[in-house]
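Starting off, we have a lone chain in the form predicted alone, written out as structure tokens.
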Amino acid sequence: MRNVVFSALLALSFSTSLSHAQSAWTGADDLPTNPLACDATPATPAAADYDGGQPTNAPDRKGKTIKVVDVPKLVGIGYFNATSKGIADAAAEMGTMDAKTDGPSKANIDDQITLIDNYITSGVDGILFAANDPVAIAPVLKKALAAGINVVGYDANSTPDARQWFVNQAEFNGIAKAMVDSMAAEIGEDGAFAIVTSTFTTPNQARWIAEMQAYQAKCHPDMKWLETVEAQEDNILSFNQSNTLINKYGDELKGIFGMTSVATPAAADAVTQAGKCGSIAVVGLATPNAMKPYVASDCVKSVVLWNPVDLGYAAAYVLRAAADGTLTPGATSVSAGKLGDLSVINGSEILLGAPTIFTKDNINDFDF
């Protein structure tokens, strides 16, 4: 994560000087930021050279059935159940991929590394992963590349040279804009908010928080950040941390950002049980099914996410294309089955698309 690959290059001088003008929010990384325009003007990603890794002496896998393991941050939660379903759907559709999911029971990087290492030893053709730590996971992924294994990340990246491609669910500044605009609409331009994240080093959350800070400073400068707390993607801890924030800041707290699919419903539950619906807004990243009760009760107005089933599906197709040799450095797009052609951005990332904002009007149209 700690690489400029995640940052587009537009408006870099502005955003860099902005980040130096104020101390970083806890949980943000220290990379340059690229806040989007305050209106709906889209950004155009700048071209960048391929910066991913390459498998060493990989055998010819074109058209052949390949054995693939998916190692997400953890198993047993709705979000990664959905990405796993997408991978399984793509594998069944292709007919040339034998895919299984095997991740740690908690978002623990050491357990994730051990699992990947074991699969390198036992023998697989491809590894899909969502990193718990971008730097710590890099050596074992490089070991996989050195063994001739195709390696593709999704959801949470590694350092770019430790994998071939990364399927980015949405650009980080796009998520940041959707989140901050939604919060500002609910708590006003001078409202105070706190953040419940996974850990301060989790790559995608750290990038989102940094981009949120830059966008807030640019477009909603009077909003006030109070604190960021870690909750380890644990439901009970997320609830307790949210409850602590509610009690600690009292009437000053007007909003809570949930940065994970676990933290957001837990924060909504804490606000509900505290009788603060309507007084404390909850805006965050979560699966629609987990948030439907809180949206139905009007305690939560908006939920930001992408379709994680599509994310897993796209990752499987990217791995297949890499194994077949049809996706190579310098490509500008890749074919991803029913999703059509997906764009290559930032050198070695595949962009799934823009985030979706789920509200009372559309949330029941989704089932994941």
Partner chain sequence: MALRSLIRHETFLALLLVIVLFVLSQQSDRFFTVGNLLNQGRLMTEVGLIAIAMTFVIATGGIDLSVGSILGLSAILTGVFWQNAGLPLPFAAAGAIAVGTLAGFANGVIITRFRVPPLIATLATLALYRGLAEGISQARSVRGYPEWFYLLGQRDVLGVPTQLWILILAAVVASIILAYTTWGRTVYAVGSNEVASRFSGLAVEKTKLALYTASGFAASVAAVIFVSRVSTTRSDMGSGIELDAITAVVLGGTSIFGGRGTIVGTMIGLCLIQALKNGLSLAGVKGDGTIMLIGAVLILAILASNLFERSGTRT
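For the two forms, the rigid core is made up of the largest set of C-alpha atoms that agree within 1.5 Å on superposition. Residue numbers count along the first chain shown, from 1. Predicted, not measured: the structure shown is a model, and the values here were computed from it.
Heads up, the form predicted together with its partner chain isn't pictured, but that's what we're talking about next.
Trainee: With the cut-off set at 4.5 Å between non-hydrogen atoms, does P134 touch its partner chain in the model of the complex?
Mentor: Yes - in the model of the complex, heavy atoms of P134 and its partner chain come within 4.5 Å of each other.
Trainee: Report whether the minimum heavy atom distance between N108 and its partner chain in the model of the complex is within 4.5 Å.
Mentor: Result yes; N108 sits at the interface with its partner chain in the model of the complex.
Trainee: Is T201 one of the residues lying within 4.5 Å of its partner chain in the model of the complex, judged by heavy atom distances?
Mentor: Result yes; T201 sits at the interface with its partner chain in the model of the complex.
Trainee: If you check in the model of the complex, is N118 within 4.5 Å of its partner chain, heavy atoms only?
Mentor: Answer yes; at least one heavy atom of N118 falls within 4.5 Å of its partner chain in the model of the complex.
Trainee: Using a 4.5 Å cut on heavy atoms, which of C219, M97, I113, A184 is close to its partner chain in the model of the complex?
Mentor: Going through each option in turn, the one that passes is I113.
Trainee: Among the candidate residues V304, A28, V68, L36, which is the single one with a non-hydrogen atom no more than 4.5 Å from its partner chain in the model of the complex?
Mentor: Exactly one residue meets the criterion: A28.
Trainee: Could you tell me which stretch in 120 to 128, 170 to 178, 185 to 193, 89 to 97 has residues with non-hydrogen atoms within 4.5 Å of its partner chain in the model of the complex?
Mentor: It is the stretch 120 to 128.
Trainee: Please state whether S198 has a C-alpha shift of 2 Å or more between this form and the one not shown, with the rigid core used for the fit.
Mentor: Yes, shifts by 2 Å or more.
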